[in-house]
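Read the single chain below, which is given as structure tokens and is the form predicted alone.
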Amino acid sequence: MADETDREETVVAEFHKKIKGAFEVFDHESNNTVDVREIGTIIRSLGCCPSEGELHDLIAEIEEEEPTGYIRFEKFLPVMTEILLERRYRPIPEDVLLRAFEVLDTANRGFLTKDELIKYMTEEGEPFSQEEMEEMLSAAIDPESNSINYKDYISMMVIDEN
């Protein structure tokens, strides 16, 4: 039993170290606070991929009673530790992403055009914002063909969990 407790304490200590490191990157004033707009980036840098709705709920949970526009480390740490321990907001597996692209690629070409991608990502499901769309296009679209070879894109964006 002691070994299991020791192991869990070690895991928690490692998570705390990772969380603190990610938080400090955005703590420009070195006062244990970050701009609330950076929380999504911090959470994603820790390997979690919440939807915008889930991110909004998380921020509401860790924000002050009277929102200041900043998040304090001492409020962020326990919530983020729990998320990592529970392995919440895991990235979507590569095979699931591939199937999703294949559903959109009805002609089985192995790619989607830029216009098709924009249409699907802004009009279906949880739509991308203009900023998210521009970020994805800059990473995904081959400028020569003006399309996305989705197998290449998926292998580039999948997180290796080992």
Partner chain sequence: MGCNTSSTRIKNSQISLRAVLIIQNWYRGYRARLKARRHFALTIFHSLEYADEQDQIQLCNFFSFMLENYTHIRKEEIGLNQLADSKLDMRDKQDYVDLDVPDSYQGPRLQFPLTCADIDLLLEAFKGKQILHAHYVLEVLFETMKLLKQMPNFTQVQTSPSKEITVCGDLHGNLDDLFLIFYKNGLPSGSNPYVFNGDFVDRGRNSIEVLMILCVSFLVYPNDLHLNRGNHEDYMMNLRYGFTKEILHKYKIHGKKILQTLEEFYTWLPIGTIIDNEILVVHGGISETTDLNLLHRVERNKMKSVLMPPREINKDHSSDSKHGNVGVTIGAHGRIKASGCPSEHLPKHEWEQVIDILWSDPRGKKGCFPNTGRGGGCYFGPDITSKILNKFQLKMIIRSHECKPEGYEICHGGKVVTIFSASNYYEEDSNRGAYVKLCSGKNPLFFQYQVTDATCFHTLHQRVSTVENSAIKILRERMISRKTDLICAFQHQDRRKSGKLPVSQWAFCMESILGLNLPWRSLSSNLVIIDQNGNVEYMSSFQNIQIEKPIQEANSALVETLYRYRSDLEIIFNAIDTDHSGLISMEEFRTMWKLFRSHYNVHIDDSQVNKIANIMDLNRDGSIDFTEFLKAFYVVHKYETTMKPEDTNLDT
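The shown structure was predicted, so the numbers you read here are calculated from the model rather than taken from an experiment. Numbering follows the first chain given and starts at 1.
Heads up, the form predicted together with its partner chain isn't pictured, but that's what we're talking about next.
- At a distance of at most 4.5 angstroms from its partner chain in the model of the complex, none of the three residues Arg7, Glu65 and Glu74 contributes a non-hydrogen atom.
- For the chain shown alone, Thr41 is a contact residue for its partner chain in the model of the complex, at least one non-hydrogen atom being within 4.5 angstroms.
- Interface membership of Val25, defined by any non-hydrogen atom within 4.5 Å of its partner chain in the model of the complex, is confirmed.
- Although the partner is absent here, Ser51 lies within 4.5 Å of its partner chain in the model of the complex, judged by heavy atoms.
- Residue contact with its partner chain in the model of the complex: Glu124 places a heavy atom within 4.5 Å of it.
- Heavy atoms closer than or equal to 4.5 Å to its partner chain in the model of the complex belong, across 101-122, to the residues Phe101, Val103, Leu104, Tyr120, Met121, ordered by sequence position.
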